[in-house]
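Only one chain is shown below, in structure tokens, and it's the form predicted alone.
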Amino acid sequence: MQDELHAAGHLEFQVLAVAIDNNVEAIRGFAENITFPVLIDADHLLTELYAISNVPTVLLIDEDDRIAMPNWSAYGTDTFSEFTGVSADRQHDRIRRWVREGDAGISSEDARAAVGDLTPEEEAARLHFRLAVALQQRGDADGADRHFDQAAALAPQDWTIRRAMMPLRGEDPFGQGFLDIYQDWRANGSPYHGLMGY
């Protein structure tokens, strides 16, 4: 999409990907043929700043650093459309309209009101997650496990914590554990800080 819009003269459009991951080598392999910057936020600072609780999440930020479209569950392809029920084409059209016409499809007032702050429990969960990662890096597996468990208990529907801890605990983030988290998330009303399928 960036190549397409640049070819049409919209050079101001820039995609930035941010991976909330600790595995730099895995991200390096993923980003090998990508032509836009891929940043790594191992400390999950961006997810706290923008109250991101699920991935993938997209934000549209204009040239004046204003959020034109807040946290939005958008997809680059239809790979997961059967799973999510979300069409990537519809979302791509929204981005094209924003770049070409300045219309993000949401008013400034609605954009400001769309994403609530993290709850105190969610904030505490993120702190426990950070502590767990730090303890794990220092070789304290038991301490890390205690804090991972506390983070999961405080924010059971926050994928930026629950799914992010899976590979850190030796679990497959695309395996049965993820499907269990997904089913639980759906059963609890698919909570999300932002706009789902917008």
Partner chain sequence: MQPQAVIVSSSGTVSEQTLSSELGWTLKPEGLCREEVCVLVPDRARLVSDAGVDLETFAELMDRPVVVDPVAGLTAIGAPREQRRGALNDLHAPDFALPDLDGGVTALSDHRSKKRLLVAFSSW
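In this text, all values refer to a predicted model and were calculated from it rather than measured experimentally. Residue numbers count along the first chain shown, from 1.
FYI, the form predicted in complex with its partner chain isn't displayed, but the following is about it.
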{"property": "Contact flag, residue 39 vs its partner chain in the model of the complex, heavy atom cut 4.5 Å", "result": "yes"}
{"property": "is_contact(residue 93, its partner chain) in the model of the complex, heavy atom dist at most 4.5 Å", "result": "no"}
{"property": "Exercise: residue 182 in contact with its partner chain in the model of the complex, heavy atom 4.5 Å", "result": "no"}
{"property": "Interface membership of residue 61, its partner chain in the model of the complex, 4.5 Å heavy atom rule", "result": "yes"}
{"property": "Residues of 112-141 having any heavy atom within 4.5 Å of its partner chain in the model of the complex, listed in sequence order", "result": "112, 115, 116, 117, 118, 123, 124, 127, 128, 130, 131, 134, 135, 138"}
